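Below sits a lone chain in structure tokens, taken as the form predicted alone.
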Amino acid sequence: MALEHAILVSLLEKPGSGYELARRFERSIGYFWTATHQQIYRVLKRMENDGWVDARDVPQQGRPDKKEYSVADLGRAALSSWLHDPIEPESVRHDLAVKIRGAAFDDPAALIHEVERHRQAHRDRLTHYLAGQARDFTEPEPKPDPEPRPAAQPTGPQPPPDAERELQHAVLRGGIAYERMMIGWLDDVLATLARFGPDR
């Protein structure tokens, strides 16, 4: 995936300025595709020149006008083409896994602190994901009815599902599952490394 595709998805979800886009990458998209502010601004400029995004000046009270970007027809076509192209499953490049294997040729217990640091980073990310899920995808509890009645059966056609919301939640659930898997694996690694303490 190119940064352009991540930007197109974000702008289709909600138009915004380069600064707002960079903040979205820090808060959500960045957990799946990272980019610096400079990269985002540089790619946005190129996408504007190529006709993939439109920009309009938005006046702001007491601050300079901002440039708000939205996806143009060419950008939609480019994203559609990319969505229909097959991609290869990702190969894993995991520096920590190589370090863990390499620790057999040094002092395995010396790696415990590094593994604990990675585990904490995954715990923090999982906490962030779960908070986002509770905030954005938990339906409010219905108020109790003082006079319970039989549940009403739906009548007539049901509204179509909200694809944007449901697919965002599916990606978030994948992130939650991944972080839980990583924490479980790192717990296993820590238990294994503990067997190679100074008294082995």
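Note that residue numbering begins at 1 and tracks the sequence as displayed. Note that the rigid core is defined as the largest set of C-alphas that superpose within 1.5 Å between two forms. Note that the coordinates shown come from a computational prediction; the quantities given were computed from them, not determined experimentally.
Absent from the display: the form predicted together with the DNA. The rest refers to it.
Checked against the DNA in the model of the complex, the candidates Arg46, Arg165, Arg135, Arg173 yield a single residue with a heavy atom inside 4.5 Å, and that residue is Arg46. When the DNA is considered in the model of the complex, Glu20 lines it closely, a heavy atom lying within 4.5 Å. Contact annotation: Asp50 falls outside 4.5 Å of the DNA in the model of the complex, judged by heavy atom distances. In the model of the complex, at least one heavy atom of His37 sits within 4.5 Å of a heavy atom of the DNA. Among residues of the shown chain, Lys67 is one whose heavy atoms approach the DNA to within 4.5 Å in the model of the complex.
Looking at the DNA in the model of the complex, residues Leu3, Gln60 and Arg93 each place a heavy atom within 4.5 Å of it. A displacement of 2 angstroms or greater separates the C-alpha positions of Asp65 between this form and the one not shown, with the rigid core held in common.
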